[in-house]
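Before any questions on how it binds or moves, here is one chain, the form predicted alone, in structure tokens.
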């Protein structure tokens, strides 16, 4: 998987341009706040996901402009295709090989990328919702159908929550609760199964990588914590049974609280180093190593699943890593297309970049 050309117009602070990157290591160099991260963000949007910085689409439009136009020419499975994204009035429209798509989610699976930025330390430092989002984003790239299940689950969840709030005032609609619960169980069990399966693979690869990063001195452990399960299972019928029972047992609590307290929207990805919570007991260096191991494992899982290396986006990461971790990271990305942002021009020699792009005030020089 390689980007042959990327064009952008009206995006963030970037001046309208068309860039032809190399198929290897590309460095985007410049001072802070010049547009380096914006460029990576433009590439990331072609995975079909939202901005990795959490920005809403309407805020991606350059000040004074009304529309965004992005286009990528990529090579995947030895064939070329063109992907286009247009953002108008806060809504995203996508075109694949000149064919307008009915939904922006059609872009999911057309291009896979893994992004790693200093903000990804939140994967350990922040709450369970950040880790759930990481899992959902990673799985969506590999299994486009997961996106559909995810959106439907959240719709049904919001309907059940709305009903729970109504039932606090009146019990007239109590019989309809079973209908929404059946739908929630069907969709939710699919999310749980796919998350469990993904984490099972991720934990093995990330543990091996972390062992290398720590010179064999420390162990990384990942586990998906499904709060509805009586026992760990990769069988959908068992997951459905446990989920249904959990909803039944928590119904009184849910009615009292006015929202659904059990389900994949409350589950957790547990991250431990040497059998202790990485969030509570690990040093900054250990946390960086853990996140790096997880992101590199994500890269390997993409390759194993689709048979192509993903695009790798490294946003000002090398300056945050010590020499040992820098070397390990660089050894892990040969023969892949990589985009690295940095402020230090001397890094360009160390990285042996095939192309270096300088950026200033949003303009590629």
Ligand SMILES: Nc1ncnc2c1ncn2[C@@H]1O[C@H](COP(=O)(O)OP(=O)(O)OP(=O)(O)O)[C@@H](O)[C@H]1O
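Positions refer to the first chain, counted from 1. Being a predicted model, the structure only gives us computed values, none of them experimental.
Note that the form predicted in complex with the ligand isn't included here; everything after this is about it.
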Heavy atoms, 4.5 Å, the ligand in the model of the complex: which of 292 to 300, 51 to 59, 329 to 337, 305 to 313 makes the cut? Say which one. 51 to 59
I'd like to know if residue 31 sits close to the ligand in the model of the complex, meaning any non-hydrogen atom pair within 4.5 angstroms. yes
Contact flag, residue 13 vs the ligand in the model of the complex, heavy atom cut 4.5 Å: yes
The ligand contact at residue 38 in the model of the complex, heavy atom, 4.5 Å: yes
In the model of the complex, residues of 330 to 346 near the ligand [heavy atom within 4.5 Å]: 343
Pair residue 155/residue 59, Cα separation in the model of the complex versus the displayed form, closer or farther by 3 angstroms or more: farther
Since the Cα-Cα distance for residue 51 and residue 152 shifts by 3 angstroms or more in the model of the complex, is it a contraction (closer) or an expansion (farther)? farther
